[in-house]
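In structure tokens, the next block holds one chain alone, the form predicted alone.
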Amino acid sequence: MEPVTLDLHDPALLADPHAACRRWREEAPVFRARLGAQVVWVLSRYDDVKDVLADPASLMRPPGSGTPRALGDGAAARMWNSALSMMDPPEHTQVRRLVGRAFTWRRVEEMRPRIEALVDEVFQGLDGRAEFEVVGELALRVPMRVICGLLGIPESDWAMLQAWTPDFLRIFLPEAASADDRSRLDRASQNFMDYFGAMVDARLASPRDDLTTGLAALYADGGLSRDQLVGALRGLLTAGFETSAATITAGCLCLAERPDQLELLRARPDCVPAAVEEVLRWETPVRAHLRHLGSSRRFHGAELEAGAAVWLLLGSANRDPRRFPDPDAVDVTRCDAEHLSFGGGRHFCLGAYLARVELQAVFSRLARRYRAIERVTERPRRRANFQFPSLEELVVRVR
């Protein structure tokens, strides 16, 4: 099967990715595609995507491979090699076990009152406002307050760290990035390395009551290498605010365009957890993950060899009508949390429970505080990134 060229910068694809995904699910549930310099197999149906995510033999890196050639040998390559999300066992097992101690169900539940208080503070800052810009004034402020509070990052640095993130996210599919994108990725990687490296040195010299101090102690004791520690801190930061902010923004857009769903939430506050899962399904914050098969597999008549790169379209899987009835509609009473927005298998999102607690707090307050949410921005602007497509601006009017 000859690969087709898939241009992830195509304006038509970025404008309506769900139309392309519908076509792929029905006409070509498995096909070979060229993403820049890389050839991958593309899977778009729910059962296939879930199967590969859950397969313990699937790998982040092809067996025996090194750093992607497109990353060169600079800061981006170091960050790629130290990212927990790019590791395979046994390194992944060790690092995740150490870092994951801070995000157990019990610890997050202990944090719930504090998280809800932080969310209340953000909403209090919007009191008396008839209009506000969702991304900057709500969606980013909630998860940044939570994750930066955990890590001990001062508010004066938030905007700087947020500004580096869009360029850094190109690291997950570097072969499809332009030369200019890769240059910006390298600068963002170096910025994160310098910033968190300085934080680690500061905590070793003067410990504080924060997660960075705890992880720095693991480095000092030899449990984590310096690169692993810096990579973990960067991962906790960007994963900690990127997907939650995208989902909060999507939730506001959804409730603005579907007033009946806001009415349902106001009448049925018990549906808030279901509403969170539904928005995560409907507007998948990370639309695609890359995996490599650990063994030969067969999908829809196509034989995929061991080591083959497989691009898993989570956003398409989450709207597969074979799994979700009327998948393009939003139903906040849909009691089905089996979406794939948090990934699966050993790489299931480390902070999934933390994100759910944040999102539930935000959605419950949206329903309690506002009788109506109306979209003011005529055409909300999205980031030009197929994999991380969050809205960049959304102004709403509230009553």
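Sequential numbering from 1, following the sequence displayed. Just so it is clear, the model here is predicted, and its values are computed rather than measured.
Just so it is clear, the following notes concern the form predicted in complex with protoporphyrin IX containing FE (HEM), a form of the same protein that is not shown.
Contact check at 4.5 Å (heavy atoms) against protoporphyrin IX containing FE (HEM) in the model of the complex: all three of Leu84, Phe103 and Gly351 pass. Of the residues given (Ala355, Val49, Ala361, Ala367), Ala355 alone sits with a heavy atom within 4.5 Å of protoporphyrin IX containing FE (HEM) in the model of the complex.
Exactly one listed residue, out of Val230, Leu255, Val134, Leu280, brings a non-hydrogen atom to within 4.5 Å of protoporphyrin IX containing FE (HEM) in the model of the complex: Leu280. Although the partner is absent from this view, Gly315 stays clear of protoporphyrin IX containing FE (HEM) in the model of the complex, with no non-hydrogen atom inside 4.5 angstroms. Within 4.5 Å of some heavy atom of protoporphyrin IX containing FE (HEM) in the model of the complex lies at least one heavy atom of Val286.
For the chain shown alone, Pro29 is not a contact residue for protoporphyrin IX containing FE (HEM) in the model of the complex, no non-hydrogen atom being within 4.5 angstroms.
Protoporphyrin IX containing FE (HEM) in the model of the complex is not approached by Val330, whose heavy atoms all lie more than 4.5 angstroms from it. Listed stretches are 260-268, 193-201, 119-127, 243-251; the contact stretch with protoporphyrin IX containing FE (HEM) in the model of the complex is 243-251, by a heavy atom cutoff of 4.5 Å. Along 201-237, one residue reaches a heavy atom to within 4.5 Å of protoporphyrin IX containing FE (HEM) in the model of the complex: Leu236.
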